[in-house]
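First, one chain by itself in structure tokens, the form predicted on its own.
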Amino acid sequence: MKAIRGATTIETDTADEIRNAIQELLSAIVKKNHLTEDNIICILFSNTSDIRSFYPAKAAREAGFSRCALYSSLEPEMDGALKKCLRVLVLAESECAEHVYLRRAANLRKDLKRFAIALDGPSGSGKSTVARLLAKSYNILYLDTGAMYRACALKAIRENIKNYTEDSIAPLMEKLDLQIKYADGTQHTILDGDDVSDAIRRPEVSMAASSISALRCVREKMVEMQRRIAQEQSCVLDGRDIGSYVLPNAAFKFFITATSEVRAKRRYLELKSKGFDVDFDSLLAEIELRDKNDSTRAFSPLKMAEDAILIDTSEKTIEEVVRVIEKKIQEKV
């Protein structure tokens, strides 16, 4: 069972305005959450004390919501509260809970407006895992930017390009046919009409992606796509320059980090669990070298945005990190 929240406002306290506002609000909730009469268990209304001419529950009944339980209550008077506001809580058997705030009530939930969460940080800090959990928590898109760079690398491999330079790759970017699609909550990477979501995970593609992603022509092309996607819907993006370069106006920015020793240990345990014979000191050296390369590269380096919130995950679990970020986001809205 899901609890779906909503609210709206009226301009004058009349029965007709209340009827229209309630019908509009409930219709939007039903449509957005794909509900039917059988899905809805009960609907609870509350309204501010300056609304007295008509019961919201009666308006819902007249609007056709006749098979579920309906309740109305009057809210206590509060200084600074939104005037002439109608609130609703719909309890329903549903897979999702898409809340709906209309008219002046939209200002009550700024977090439900289109927004972006930018997560930056060095390799192994846990930002990708955190990004996926945040996207699930807020029911928004997780844009796997790494997959986009991997697709560019796969294209170069298929074109038999051996040396990755601006001169060799720039023509490739001009004719690149890359699409990011979403199905069943999963990102699919489409290259030249083919779903390459699995192919881009091959080791040789990963190696090529590390080199090709540093090229200016590649990054400019991918950043253009990432910005367009972020303009169309709320999303979480993780990388090394999301908050400082890709989405400088993102509503929420975080820099996720951990000591190089902790990140090397995480990688060590991950690889050992998969049966790989690895050396901790070698992994630590690789991570420190990658940090140096990412931080000092000429174009779009690893950088903490000035308005980002720093979160050290060295002594935190992933769940603790997610809770910290959610709390910070709630404080801002």
Ligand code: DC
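On a predicted model such as this, the values are computed, not experimentally measured, just so you know. A residue's number is simply how far along the shown sequence it sits, counting from 1.
There is also a form predicted in complex with the named molecule; it is not shown, and the following applies to it.
(request) Please determine, with the chain shown alone, which of 63 to 71, 275 to 283, 294 to 302, 34 to 42 has non-hydrogen atoms within 4.5 Å of the named molecule in the predicted complex. (result) Heavy atoms within 4.5 Å of the named molecule in the predicted complex occur in 294 to 302.
(request) Give a yes or no on whether every one of Tyr149, Ser210 and Arg267 sits within 4.5 angstroms of the named molecule in the predicted complex by heavy atom. (result) Answer is yes for this spot.
(request) Report yes if any heavy atom of Val90 sits within 4.5 Å of a heavy atom of the named molecule in the predicted complex; otherwise report no. (result) No, Val90 sits far enough from the named molecule in the predicted complex that none of its heavy atoms falls within 4.5 Å.
(message) Although the partner isn't part of this model, could you tell me whether Arg219 comes within 4.5 Å of the named molecule in the predicted complex, counting any heavy atom of the residue?
(response) Judged by the heavy-atom cut-off of 4.5 Å, Arg219 is in contact with the named molecule in the predicted complex.
(message) Would you classify Ser244 as touching the named molecule in the predicted complex, given a 4.5 Å non-hydrogen atom cut-off?
(response) Contact with the named molecule, no.
(message) My question is simply whether Thr257 lines the interface with the named molecule in the predicted complex - judged by any non-hydrogen atom within 4.5 Å.
(response) The answer is no: Thr257 has no heavy atom within 4.5 Å of the named molecule.
(message) Please identify the residue among Lys136, Lys83, Arg201, Arg158 with any heavy atom within 4.5 Å of the named molecule in the predicted complex.
(response) Comparing distances to the named molecule in the predicted complex, the residue within 4.5 Å is Arg201.
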